[in-house]
Ligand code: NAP
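A single chain comes next, written as structure tokens; it is the form predicted on its own.
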Amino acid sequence: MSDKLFSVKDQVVLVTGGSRGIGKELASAFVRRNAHVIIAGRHKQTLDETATEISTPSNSVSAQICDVSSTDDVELLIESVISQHGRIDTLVSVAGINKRMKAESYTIDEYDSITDINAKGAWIIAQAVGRKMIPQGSGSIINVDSLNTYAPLRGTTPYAMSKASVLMMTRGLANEWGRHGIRVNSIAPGFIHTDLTKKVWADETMRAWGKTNTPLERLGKVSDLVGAAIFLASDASQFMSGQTLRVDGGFTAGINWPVEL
């Protein structure tokens, strides 16, 4: 990186949900830019495999099991990172789950499982990291928002509700912690092709609909989110806080007619 404005070199970066999909891609991007990366997730085997895969000969990735909805897990994770590195410069809060179904069909357990990870978990990890960033007088927290906070998609109401919580948390924490030099922003992906969504986008009708409603006329790739994450972690965004970057190919720019003009 020739321009130090966008440098994340030597930053200590914690990525939750870092073993696959968006989290894995963003963690790998920070590794390649010489940050010290710790990935966290709920499944040891997947975490270890990812840590091995994205490590480089000169930059080894640490992995730790953590359910972000568990305060005990989060406390152990944060203390481990602080013990090893002495600080946390950037938190990339990716951990999240979804289940698509009719609103009337969700059980309370299904609702709880979604909101526990997406809303409560995002709060627990942000609060725990914030407590460490406040005395150090600096830090960047990057939450993963959603297209659903622009307009909820049918069949994902609890997920949309949980992500609306993340949107407001981002603004609230930015407002409270700015005085401590902490910036809090979020990235709202559009339609991104991942292992978790490949079944949805394997349907020809869905692919056509997604492309029609995305002005750039393609589905997003996880790599499309890298630039926004590096920007928000670096000094390039040093006067930016409480904002949501919608990396959606222009989906939220307007509504497209189903006919050619």
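Keep in mind that this is a model prediction, so the values were computed, not measured. We number the residues from 1 along the sequence you see.
What comes next is about the form predicted together with the named molecule, which is not displayed.
The shortest heavy atom separation between D235 and the named molecule in the model of the complex exceeds 4.5 Å. In the model of the complex, the named molecule lies within 4.5 Å of some heavy atom of T194.
Although the partner is absent from this view, G242 stays clear of the named molecule in the model of the complex, with no non-hydrogen atom inside 4.5 angstroms. With a 4.5 Å cutoff on heavy atoms, G250 does not count as touching the named molecule in the model of the complex; it lies far away. Stretch-level contact analysis of 60 to 68, 227 to 235, 28 to 36, 203 to 211 against the named molecule in the model of the complex, using heavy atoms and a 4.5 Å limit, identifies 60 to 68. Not one of V13, D89 and G130 places a heavy atom within 4.5 Å of the named molecule in the model of the complex. A heavy atom within 4.5 Å of the named molecule in the model of the complex is found for exactly one of I134, A174, L153, I97: I97. Listed residues A126, I117, A160, M169 were compared with the named molecule in the model of the complex; I117 is the one with a heavy atom within 4.5 Å.
Contacts with the named molecule in the model of the complex, taken as any heavy atom within 4.5 Å, map within 28 to 44 to A40, G41, R42, H43.
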